[in-house]
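Only one chain is given next, in structure tokens, and it is the form predicted alone.
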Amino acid sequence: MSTRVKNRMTDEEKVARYRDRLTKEDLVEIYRRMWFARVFDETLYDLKKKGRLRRGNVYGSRGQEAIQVGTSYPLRPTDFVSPIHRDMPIFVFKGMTTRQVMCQVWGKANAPSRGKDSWSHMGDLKLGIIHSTSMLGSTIPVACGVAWALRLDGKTDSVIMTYLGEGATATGAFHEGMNYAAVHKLPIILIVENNQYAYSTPIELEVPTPRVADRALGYGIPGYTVDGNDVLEVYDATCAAIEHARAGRGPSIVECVTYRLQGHADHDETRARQYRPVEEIEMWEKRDPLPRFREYLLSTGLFTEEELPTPPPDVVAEIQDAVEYAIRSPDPEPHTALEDIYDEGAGVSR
């Protein structure tokens, strides 16, 4: 492991222990959500290999569950999120049903996008979910637009949480968006999922600074670097960033140092073992966020082994139900391919 990564793992920002406010019920729900993310990921990988999922790629998030849960759990219903392709469980955490999300993956007529796209290209502003794009850095300018709209509407207590990988911090959209957000003190929390690789490009060839969060210095905003495999550490930093934003003090960057245990997508599994050292993968396997959190919960004395099943049966049942529902759901009719593409209003009056 490089010195750069070691520095990121040890040079962590000191933030308040917001975790101390969590109840036993909160901890159970966080545990459940982490397992939801893991089972969701593993189920789709398995079904793709078996030929039951025949469209699109499967972008795995195994090993990054602590980020998905630790960042989304502190949010209110009135807050907004802009997830990316590795954050599918966040759609459920923010209010979509598991069935809706699975229908989106299968491209069904009753999916949020009505079958016109797959995976994360969907949203629901009523639930506070911003429609995502494939150009990850561009989520930031879009988040700025949502923040401005909320400000114009007098809704100044909502925050916007947008996600991207560390590679996207090298794009122009990232820098322009962060500069704009900082100048206008927009309530945006940028979650950087630093999983060490931008597809196959290692972190050493992506970022010149010791930490991705160091980029925050250029905009005069807070930048936190945390262990992205420790859900409570992620939670603490996220809460600090949210509190900063709600107070009208502007955006923050939360860099979550983690690792993509799988390839970029299912088609990259074999190649990923060629551009990543086996020892590196094995080292990060030992840092798996799920057993780490389970061990922590047991160490508190608040839980018994039986209270922390691996995985929780209800999670498995919920996801299996959603899969079968999606497979049974109707495909979109051919004529709908041209619907919702253009503005079909009356036009401009003359």
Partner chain sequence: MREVTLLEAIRTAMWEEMERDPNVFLIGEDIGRLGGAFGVTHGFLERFGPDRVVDAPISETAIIGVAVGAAAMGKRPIAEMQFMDFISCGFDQVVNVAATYRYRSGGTVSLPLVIRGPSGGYVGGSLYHSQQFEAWFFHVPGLKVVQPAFPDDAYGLMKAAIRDNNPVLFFEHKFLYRRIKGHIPQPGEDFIVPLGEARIRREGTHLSIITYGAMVHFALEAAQQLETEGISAEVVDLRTIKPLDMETIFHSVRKTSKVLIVYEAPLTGGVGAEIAARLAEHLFEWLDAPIMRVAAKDSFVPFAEPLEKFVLPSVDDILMAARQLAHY
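Numbering follows the first chain given and starts at 1. On a predicted model such as this, the values are computed, not experimentally measured, just so you know.
This next part talks about the form predicted in complex with the partner chain, which is not shown.
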Spot the stretch among 266-274, 73-81, 91-99, 228-236 with residues whose non-hydrogen atoms come within 4.5 Å of the partner chain in the predicted complex. 266-274
Can you pick out, from Glu243, Glu206, Glu280, Asp124, the residue that has a heavy atom within 4.5 Å of the partner chain in the predicted complex? Glu206
Interface residue in the predicted complex among Gln104, Asn194, Thr139, Ser158, criterion: non-hydrogen atom within 4.5 angstroms of the partner chain: Gln104
Non-hydrogen atoms within 4.5 angstroms of the partner chain in the predicted complex: do Gly56, Ser134 and Ser200 all have one? yes
is_contact(His184, the partner chain) in the predicted complex, heavy atom dist at most 4.5 Å: no
Contact flag, Asp331 vs the partner chain in the predicted complex, heavy atom cut 4.5 Å: yes
Can you work out whether Met178 and the partner chain are in contact in the predicted complex, taking contact to mean some heavy atom pair no more than 4.5 Å apart? no
Looking at the partner-bound form in the predicted complex, is Gly115 within 4.5 Å of the partner chain by any heavy atom? yes
Going through 161-200 from first to last, which residues have a non-hydrogen atom within 4.5 Å of the partner chain in the predicted complex? Gly167, Ala168, Ala170, Thr171, Ala198, Tyr199, Ser200
